[in-house]
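Read the single chain below, which is given as structure tokens and is the form predicted alone.
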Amino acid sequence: MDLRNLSVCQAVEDIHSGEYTAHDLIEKTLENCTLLNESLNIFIHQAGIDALEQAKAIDLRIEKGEKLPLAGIPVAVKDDICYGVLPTTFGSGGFSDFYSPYTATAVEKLMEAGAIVVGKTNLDNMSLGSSTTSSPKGATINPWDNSRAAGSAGAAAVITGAAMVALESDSGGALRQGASSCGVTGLRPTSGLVSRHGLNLHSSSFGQVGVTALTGKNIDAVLQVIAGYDQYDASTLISKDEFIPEIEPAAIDNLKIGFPQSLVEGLEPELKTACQETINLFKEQGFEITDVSLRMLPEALRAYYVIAQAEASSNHARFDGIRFGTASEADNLEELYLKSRSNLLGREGRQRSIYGTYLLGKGNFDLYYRQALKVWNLVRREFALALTGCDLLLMPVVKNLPPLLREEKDLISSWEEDIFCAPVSLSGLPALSFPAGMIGELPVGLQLVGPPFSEKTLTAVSDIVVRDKQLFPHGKA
């Protein structure tokens, strides 16, 4: 049973028909998890016997005649999303033994639909980054190249068969960049479509819960379950059915896709080739490709980091060892704060807290933060204007290959990697990263950006490319 060649819908159908049981599927998945984790460092915690017990419960529900839309589907959950059965570490040494008193709404919805959590995946410290290299547990290894980081442990789990679906977070582009680095499909949904209740947010304005899977069709099956209103998240929509209707095959005929040609001038030759091959494939499908202008990406990236740092300063203030997190031994209050916050927050977290506090300080609020808010509004307008002349936008996801495990980038260079993803986060629009080609032996993705609630269109269009390009790393799973 190879999870990489099994769709979500097919697995659910097989389990309901008695081809195999949810217990069989989860047992095989857990074997993969144990084997792969030794070499790739995908999971911080694995569910083990808890997942098998849940699988038995799902089989009993099916025997009683229940129809579960995600019966037995193994899901990996990023460890900044709360799940009461396993510890939630947030990628911090100060939360290594923290059990959340509740489970995130998106995870609860998945479990109600029959999905089973097989483990909590690795992440950067406090989820600040898109490489996993700052994790206290060490980086997740890229399945395609063991000298490089995976970018996203959830994406590594999906491509190797350690899970069929990964529930992840995306603020400045971690989900999409990880999907690109591992050769899978990753969706950042429209802002407000999926509840963020139970997600540890360093940036309240931009953080979202997204989904990673092998194909857009798999993502569709999950999105139908987790989308919609949540009483614990005031930013969610009241109705999901109105906004994500089923997309018939004919609905994606004659699409006009906007491609900002000027963006690719500074890309590596292989990335340019991937862009051109995807454009040619879309043209063969009858899609019209038109040039669009997105001139504010550099300003959008800087605005994103000003706002995100300011919000991180505020959101991380509670992690002091007194209100939240493990308290360090100290002789006085100042020493307690210093030691506890140093343990809870890694280098990136401390930098953002310091910068954010500076940006919000007297004399700097109007000079930096208020100006960044104005740029944010202009960026939203630019994306909306670009989509008036086309149905979808096609953009790169990354500038470079995933980082080498021993590579250390300076602060500004690491932030510049988000040039194609962070501006989309400011727009609030849905974005889907999908595998579009190879650079040597490493996959690389592109992203489709659409109007609000166009997730079904994005997944349908991306699957046209994935159908021809889906590959798997050799010797894994």
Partner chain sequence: MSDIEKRFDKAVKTAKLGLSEDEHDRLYQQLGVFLNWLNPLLEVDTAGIEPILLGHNSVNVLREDCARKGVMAELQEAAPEFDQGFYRVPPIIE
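Positions refer to the first chain, counted from 1. Since the model is a prediction, treat every value here as computed from it, not as a measurement.
Form predicted in complex with its partner chain: not shown, discussed below.
For the options Thr278, Ser135, Thr103, Ser353, the one in contact with its partner chain in the model of the complex, meaning a heavy atom within 4.5 Å, is Ser353. Out of the listed residues Ser191, Thr215, Thr160, Ser169, Ser191 is the one that sits within 4.5 Å of its partner chain in the model of the complex by at least one heavy atom.
Looking at Glu108, you'd find every heavy atom of it more than 4.5 angstroms from its partner chain in the model of the complex. For Glu53, no non-hydrogen atom is located within 4.5 Å of its partner chain in the model of the complex, even though that partner is not displayed.
For Lys120, no non-hydrogen atom is located within 4.5 Å of its partner chain in the model of the complex, even though that partner is not displayed. Taking the partner from elsewhere, Thr89 is found to have every heavy atom lying beyond 4.5 Å of its partner chain in the model of the complex. Only one segment in the set 292-300, 92-100, 269-277, 124-132 has residues whose heavy atoms sit within 4.5 Å of its partner chain in the model of the complex; it is 292-300. Contact residues in stretch 147-180 (any heavy atom within 4.5 Å of its partner chain, taken in the model of the complex) are absent; none meets the cut-off.
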